[in-house]
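Next up is one chain by itself, shown in C-alpha coordinates, the form predicted on its own.
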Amino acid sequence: MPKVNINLSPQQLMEKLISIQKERGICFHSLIKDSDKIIKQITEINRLKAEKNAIILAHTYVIPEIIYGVGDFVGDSYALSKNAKESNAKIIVFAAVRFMGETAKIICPDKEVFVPGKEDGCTLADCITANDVKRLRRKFPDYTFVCYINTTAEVKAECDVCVTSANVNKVVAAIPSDKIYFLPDKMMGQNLITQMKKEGINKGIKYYNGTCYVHEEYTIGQLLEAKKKFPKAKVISHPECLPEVCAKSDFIGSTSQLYKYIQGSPDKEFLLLTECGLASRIKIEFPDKRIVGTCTFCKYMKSNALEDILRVLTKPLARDYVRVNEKIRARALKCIDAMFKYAEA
(Lines give C-alpha, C1' and ligand atoms only; values in the text may rest on other atoms or scores of the structure.)
Protein backbone atom coordinates (compact mmCIF):
# COMPACT_ATOMS: atom_id res chain seq x y z
CA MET A 1 0.00 0.00 0.00
CA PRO A 2 1.63 3.32 -1.03
CA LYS A 3 2.11 6.15 1.37
CA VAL A 4 -1.01 8.17 2.05
CA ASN A 5 -0.16 11.52 0.51
CA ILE A 6 -1.94 14.28 2.39
CA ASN A 7 0.14 17.00 0.65
CA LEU A 8 0.97 18.95 3.78
CA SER A 9 4.13 20.69 4.94
CA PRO A 10 5.49 19.59 8.35
CA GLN A 11 3.91 22.69 9.89
CA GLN A 12 0.53 21.99 8.30
CA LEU A 13 0.76 18.32 9.30
CA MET A 14 1.31 19.21 12.94
CA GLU A 15 -1.58 21.65 12.88
CA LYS A 16 -3.82 18.96 11.39
CA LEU A 17 -2.78 16.27 13.90
CA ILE A 18 -3.19 18.60 16.86
CA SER A 19 -6.63 19.64 15.61
CA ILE A 20 -7.70 16.01 15.20
CA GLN A 21 -6.30 15.15 18.63
CA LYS A 22 -8.42 17.86 20.22
CA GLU A 23 -11.57 17.10 18.24
CA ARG A 24 -11.53 13.32 18.02
CA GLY A 25 -9.56 12.12 21.03
CA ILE A 26 -6.67 10.37 19.31
CA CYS A 27 -3.76 9.69 21.67
CA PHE A 28 -0.76 11.04 19.77
CA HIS A 29 1.18 11.90 22.97
CA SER A 30 2.21 15.53 23.63
CA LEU A 31 2.05 16.97 20.12
CA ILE A 32 1.39 20.53 21.24
CA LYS A 33 4.38 20.70 23.59
CA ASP A 34 6.73 19.03 21.08
CA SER A 35 5.38 20.61 17.90
CA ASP A 36 8.43 22.72 16.95
CA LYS A 37 10.82 19.85 17.68
CA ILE A 38 8.77 17.41 15.59
CA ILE A 39 8.63 19.82 12.64
CA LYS A 40 12.43 20.16 12.67
CA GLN A 41 12.89 16.36 12.90
CA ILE A 42 10.52 15.70 9.98
CA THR A 43 12.28 18.31 7.84
CA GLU A 44 15.74 16.91 8.58
CA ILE A 45 14.73 13.27 8.07
CA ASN A 46 13.23 14.04 4.67
CA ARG A 47 16.41 15.89 3.69
CA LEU A 48 18.59 12.96 4.76
CA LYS A 49 16.41 10.45 2.90
CA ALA A 50 17.05 12.23 -0.38
CA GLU A 51 20.76 12.64 0.37
CA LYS A 52 21.33 9.00 1.31
CA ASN A 53 18.90 7.29 -1.12
CA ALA A 54 16.88 5.90 1.77
CA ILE A 55 13.20 5.02 2.20
CA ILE A 56 11.16 4.71 5.36
CA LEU A 57 8.63 1.89 5.71
CA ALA A 58 6.00 2.67 8.33
CA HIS A 59 3.79 -0.03 9.77
CA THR A 60 0.20 1.08 10.35
CA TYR A 61 0.72 0.65 14.11
CA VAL A 62 3.45 3.32 14.49
CA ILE A 63 2.76 6.95 15.42
CA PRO A 64 1.08 9.29 12.87
CA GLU A 65 3.95 11.75 12.57
CA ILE A 66 6.12 8.92 11.21
CA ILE A 67 3.40 7.66 8.84
CA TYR A 68 2.40 11.05 7.47
CA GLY A 69 5.56 13.06 8.06
CA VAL A 70 8.39 10.83 6.82
CA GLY A 71 6.96 7.47 5.73
CA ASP A 72 7.34 6.54 2.07
CA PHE A 73 5.07 3.51 2.35
CA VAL A 74 2.54 2.48 4.98
CA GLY A 75 0.85 -0.88 5.45
CA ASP A 76 1.36 -4.28 7.04
CA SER A 77 4.56 -6.28 7.35
CA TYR A 78 4.80 -8.26 4.14
CA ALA A 79 3.42 -5.57 1.82
CA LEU A 80 6.07 -3.21 3.17
CA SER A 81 8.84 -5.74 2.53
CA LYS A 82 7.64 -5.99 -1.07
CA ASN A 83 7.76 -2.19 -1.27
CA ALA A 84 11.38 -2.40 -0.12
CA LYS A 85 12.27 -4.94 -2.81
CA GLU A 86 10.67 -2.89 -5.56
CA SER A 87 12.44 0.30 -4.48
CA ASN A 88 15.77 1.50 -5.86
CA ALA A 89 16.75 2.79 -2.42
CA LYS A 90 19.98 1.51 -0.88
CA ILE A 91 18.88 2.04 2.73
CA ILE A 92 15.65 0.75 4.30
CA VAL A 93 14.50 2.18 7.61
CA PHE A 94 11.69 -0.09 8.82
CA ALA A 95 9.66 1.66 11.51
CA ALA A 96 8.16 -1.45 13.05
CA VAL A 97 9.61 -4.43 14.97
CA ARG A 98 12.66 -6.63 14.46
CA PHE A 99 11.06 -9.60 12.69
CA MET A 100 9.63 -7.24 10.05
CA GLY A 101 13.07 -5.79 9.41
CA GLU A 102 14.37 -9.35 9.07
CA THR A 103 11.71 -10.15 6.47
CA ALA A 104 12.82 -7.12 4.46
CA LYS A 105 16.44 -8.27 4.74
CA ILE A 106 15.54 -11.81 3.65
CA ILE A 107 13.90 -10.43 0.53
CA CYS A 108 16.41 -7.59 -0.06
CA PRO A 109 19.87 -8.94 0.91
CA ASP A 110 21.65 -6.23 -1.07
CA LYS A 111 20.05 -3.39 0.91
CA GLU A 112 21.05 -2.03 4.31
CA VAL A 113 18.10 -2.45 6.67
CA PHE A 114 17.60 -0.67 10.01
CA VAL A 115 14.94 -0.97 12.70
CA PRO A 116 14.89 2.21 14.82
CA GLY A 117 12.51 1.16 17.61
CA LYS A 118 13.86 1.33 21.17
CA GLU A 119 11.93 -1.88 21.98
CA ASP A 120 11.97 -3.89 18.78
CA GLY A 121 10.74 -7.20 20.16
CA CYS A 122 7.36 -8.87 19.73
CA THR A 123 5.72 -11.19 22.23
CA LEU A 124 4.43 -13.39 19.42
CA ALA A 125 7.63 -13.67 17.40
CA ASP A 126 9.75 -14.06 20.53
CA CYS A 127 7.66 -16.90 21.99
CA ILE A 128 9.22 -19.56 19.70
CA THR A 129 12.79 -20.36 18.66
CA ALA A 130 14.41 -22.40 15.92
CA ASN A 131 15.20 -25.10 18.50
CA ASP A 132 11.51 -25.25 19.44
CA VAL A 133 10.63 -25.89 15.80
CA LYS A 134 13.31 -28.59 15.47
CA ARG A 135 11.91 -30.32 18.55
CA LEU A 136 8.37 -30.16 17.18
CA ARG A 137 9.47 -31.51 13.80
CA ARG A 138 10.98 -34.53 15.49
CA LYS A 139 7.72 -35.07 17.35
CA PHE A 140 5.52 -34.59 14.27
CA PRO A 141 7.64 -35.76 11.32
CA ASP A 142 4.68 -36.20 8.96
CA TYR A 143 3.41 -32.62 9.32
CA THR A 144 3.96 -29.65 7.04
CA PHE A 145 5.17 -26.79 9.20
CA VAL A 146 3.49 -23.49 8.44
CA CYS A 147 4.74 -20.33 10.13
CA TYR A 148 3.07 -16.97 10.43
CA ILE A 149 5.15 -14.13 9.01
CA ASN A 150 5.35 -12.80 12.60
CA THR A 151 8.36 -15.02 13.32
CA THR A 152 12.13 -14.61 13.29
CA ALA A 153 14.33 -15.48 10.31
CA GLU A 154 15.67 -18.49 12.23
CA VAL A 155 12.16 -19.88 12.75
CA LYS A 156 11.21 -19.32 9.10
CA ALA A 157 14.35 -21.22 8.10
CA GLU A 158 13.09 -24.29 9.98
CA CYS A 159 9.58 -24.22 8.45
CA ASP A 160 8.14 -25.28 5.11
CA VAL A 161 5.72 -22.48 4.26
CA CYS A 162 5.18 -18.93 5.48
CA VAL A 163 1.78 -17.21 5.61
CA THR A 164 0.39 -13.77 6.32
CA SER A 165 -2.84 -12.93 8.10
CA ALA A 166 -4.23 -11.99 4.68
CA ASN A 167 -3.47 -15.28 2.89
CA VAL A 168 -3.30 -17.91 5.65
CA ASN A 169 -6.60 -19.58 4.72
CA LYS A 170 -5.83 -19.71 1.01
CA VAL A 171 -2.28 -20.99 1.46
CA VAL A 172 -3.15 -23.72 3.97
CA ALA A 173 -6.05 -24.87 1.80
CA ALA A 174 -3.68 -25.20 -1.16
CA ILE A 175 -0.96 -27.17 0.65
CA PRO A 176 -1.33 -30.82 -0.50
CA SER A 177 -0.61 -32.26 2.95
CA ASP A 178 -3.60 -32.91 5.22
CA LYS A 179 -1.37 -32.61 8.30
CA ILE A 180 -0.48 -29.04 9.21
CA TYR A 181 1.44 -27.71 12.19
CA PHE A 182 0.74 -23.97 12.47
CA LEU A 183 2.90 -21.66 14.54
CA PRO A 184 3.24 -19.62 16.65
CA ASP A 185 -0.20 -17.98 17.16
CA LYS A 186 -2.74 -20.31 18.74
CA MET A 187 -5.63 -17.90 18.14
CA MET A 188 -4.90 -17.76 14.44
CA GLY A 189 -4.46 -21.53 14.46
CA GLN A 190 -7.86 -22.02 16.08
CA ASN A 191 -9.48 -19.56 13.68
CA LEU A 192 -7.80 -21.40 10.81
CA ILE A 193 -9.37 -24.68 11.93
CA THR A 194 -12.79 -23.03 12.03
CA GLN A 195 -12.35 -21.58 8.54
CA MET A 196 -11.18 -24.88 7.03
CA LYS A 197 -14.25 -26.64 8.46
CA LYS A 198 -16.47 -23.87 7.15
CA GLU A 199 -15.01 -24.37 3.67
CA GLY A 200 -15.34 -28.16 3.90
CA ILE A 201 -11.57 -28.66 3.71
CA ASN A 202 -10.28 -31.67 5.64
CA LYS A 203 -7.05 -30.77 7.41
CA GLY A 204 -5.60 -32.11 10.64
CA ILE A 205 -4.22 -28.92 12.18
CA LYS A 206 -2.09 -28.68 15.29
CA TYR A 207 -0.89 -25.34 16.61
CA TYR A 208 1.64 -23.76 18.93
CA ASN A 209 0.66 -21.90 22.11
CA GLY A 210 1.85 -18.37 21.27
CA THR A 211 -0.28 -15.22 21.40
CA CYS A 212 -0.09 -11.53 20.53
CA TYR A 213 -0.51 -9.61 23.78
CA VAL A 214 -2.37 -6.83 21.96
CA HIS A 215 -5.04 -8.98 20.35
CA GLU A 216 -5.58 -11.52 23.12
CA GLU A 217 -6.86 -8.73 25.38
CA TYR A 218 -10.15 -8.44 23.48
CA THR A 219 -12.82 -10.59 25.14
CA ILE A 220 -16.29 -11.66 24.11
CA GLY A 221 -17.65 -9.79 27.14
CA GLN A 222 -16.12 -6.53 25.92
CA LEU A 223 -17.49 -7.11 22.43
CA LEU A 224 -21.04 -7.82 23.61
CA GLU A 225 -21.00 -4.82 25.97
CA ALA A 226 -19.83 -2.55 23.14
CA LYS A 227 -22.56 -3.89 20.85
CA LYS A 228 -25.18 -2.91 23.46
CA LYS A 229 -23.88 0.66 23.40
CA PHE A 230 -23.33 0.79 19.64
CA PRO A 231 -25.80 -1.67 18.04
CA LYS A 232 -25.23 -0.33 14.52
CA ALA A 233 -21.44 -0.72 14.66
CA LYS A 234 -19.82 -3.33 12.44
CA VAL A 235 -17.45 -5.54 14.42
CA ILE A 236 -14.21 -6.14 12.54
CA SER A 237 -11.30 -8.06 14.01
CA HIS A 238 -7.83 -9.39 13.32
CA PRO A 239 -7.41 -13.21 13.15
CA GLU A 240 -5.02 -13.04 16.11
CA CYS A 241 -8.09 -12.38 18.29
CA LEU A 242 -9.83 -15.06 20.37
CA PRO A 243 -11.97 -17.50 18.32
CA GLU A 244 -15.15 -16.56 20.19
CA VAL A 245 -14.47 -12.89 19.35
CA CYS A 246 -13.90 -13.68 15.67
CA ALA A 247 -17.09 -15.78 15.65
CA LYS A 248 -19.09 -12.69 16.62
CA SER A 249 -17.33 -10.41 14.11
CA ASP A 250 -18.81 -9.11 10.88
CA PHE A 251 -15.42 -9.23 9.18
CA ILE A 252 -12.04 -10.79 9.98
CA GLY A 253 -8.88 -9.71 8.21
CA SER A 254 -5.30 -8.52 8.21
CA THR A 255 -4.43 -4.91 8.97
CA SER A 256 -4.64 -3.95 5.29
CA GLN A 257 -7.84 -5.92 4.78
CA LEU A 258 -9.48 -4.20 7.76
CA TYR A 259 -8.43 -0.82 6.35
CA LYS A 260 -9.87 -1.64 2.92
CA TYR A 261 -13.09 -2.99 4.47
CA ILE A 262 -13.70 0.29 6.29
CA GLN A 263 -12.67 2.30 3.23
CA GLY A 264 -15.20 0.54 1.01
CA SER A 265 -18.01 0.04 3.51
CA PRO A 266 -21.19 2.16 3.40
CA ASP A 267 -21.40 1.78 7.21
CA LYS A 268 -20.27 4.63 9.43
CA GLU A 269 -19.62 2.98 12.82
CA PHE A 270 -17.01 0.29 13.49
CA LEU A 271 -15.84 -1.60 16.54
CA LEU A 272 -12.24 -2.20 15.49
CA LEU A 273 -10.46 -5.03 17.34
CA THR A 274 -6.81 -4.49 16.60
CA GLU A 275 -3.95 -2.14 17.53
CA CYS A 276 -4.78 1.56 17.95
CA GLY A 277 -2.63 2.67 15.03
CA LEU A 278 -5.26 1.56 12.54
CA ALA A 279 -7.96 3.46 14.43
CA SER A 280 -5.81 6.59 14.22
CA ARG A 281 -5.38 6.19 10.47
CA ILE A 282 -9.11 5.76 9.96
CA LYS A 283 -9.89 8.86 12.01
CA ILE A 284 -7.36 10.90 10.03
CA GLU A 285 -8.11 9.61 6.53
CA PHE A 286 -11.86 8.97 6.75
CA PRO A 287 -13.42 11.67 8.94
CA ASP A 288 -16.92 10.43 8.05
CA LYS A 289 -16.20 7.06 9.71
CA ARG A 290 -16.53 6.58 13.47
CA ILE A 291 -14.44 4.13 15.49
CA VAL A 292 -16.30 3.20 18.69
CA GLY A 293 -15.13 1.42 21.80
CA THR A 294 -11.47 1.12 22.78
CA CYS A 295 -8.31 -0.16 21.14
CA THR A 296 -4.99 -1.49 22.45
CA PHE A 297 -1.49 -0.06 22.03
CA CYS A 298 1.52 -2.17 21.04
CA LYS A 299 4.42 -0.91 23.14
CA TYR A 300 6.90 -2.30 20.62
CA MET A 301 5.44 -0.51 17.61
CA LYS A 302 4.96 2.68 19.58
CA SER A 303 8.64 2.66 20.61
CA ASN A 304 9.52 3.91 17.11
CA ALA A 305 10.15 7.65 17.24
CA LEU A 306 11.35 10.37 14.88
CA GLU A 307 14.50 10.90 16.97
CA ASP A 308 15.48 7.26 16.45
CA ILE A 309 14.88 7.42 12.70
CA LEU A 310 17.09 10.52 12.65
CA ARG A 311 19.75 8.58 14.55
CA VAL A 312 19.87 5.63 12.16
CA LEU A 313 20.23 8.03 9.23
CA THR A 314 23.18 9.79 10.86
CA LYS A 315 24.92 7.70 13.52
CA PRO A 316 23.30 4.25 13.73
CA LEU A 317 24.05 2.03 16.71
CA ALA A 318 25.05 -1.60 16.31
CA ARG A 319 21.59 -2.70 17.47
CA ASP A 320 19.89 -0.67 14.72
CA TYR A 321 21.29 -2.85 11.92
CA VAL A 322 19.33 -5.89 10.75
CA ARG A 323 21.70 -8.78 10.06
CA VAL A 324 20.67 -12.24 8.86
CA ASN A 325 23.13 -15.10 8.41
CA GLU A 326 23.26 -15.97 4.69
CA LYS A 327 22.52 -19.69 5.17
CA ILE A 328 19.53 -18.85 7.37
CA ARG A 329 18.41 -16.16 4.93
CA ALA A 330 18.45 -18.58 1.98
CA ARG A 331 16.40 -21.19 3.86
CA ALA A 332 13.96 -18.59 5.16
CA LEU A 333 13.53 -17.26 1.61
CA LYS A 334 12.50 -20.75 0.45
CA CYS A 335 9.83 -20.73 3.15
CA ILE A 336 8.56 -17.36 1.92
CA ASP A 337 8.75 -18.39 -1.75
CA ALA A 338 6.59 -21.45 -0.94
CA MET A 339 3.90 -19.04 0.25
CA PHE A 340 3.70 -17.50 -3.22
CA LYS A 341 3.58 -20.92 -4.83
CA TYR A 342 0.47 -21.88 -2.84
CA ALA A 343 -1.09 -18.41 -2.75
CA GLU A 344 -1.09 -18.34 -6.54
CA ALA A 345 -2.23 -21.94 -6.97
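Residue numbers run from 1 along the displayed sequence. Predicted model only: the values in this text are computed from it and were never measured.
Below: the form predicted together with a small molecule, not depicted.
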Please state whether all three residues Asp76, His215 and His238 have a non-hydrogen atom within 4.5 angstroms of the small molecule in the model of the complex. yes
Based on heavy atom distances of 4.5 Å or less, which listed stretch (138-146, 151-159, 219-227, 92-100) is in contact with the small molecule in the model of the complex? 92-100
Check whether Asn83 has any heavy atom within 4.5 Å of a heavy atom of the small molecule in the model of the complex, and answer yes or no. no
With heavy atoms only and a cut-off of 4.5 Å, decide whether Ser165 touches the small molecule in the model of the complex. yes
In the model of the complex, does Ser254 have a heavy atom within 4.5 Å of the small molecule? yes
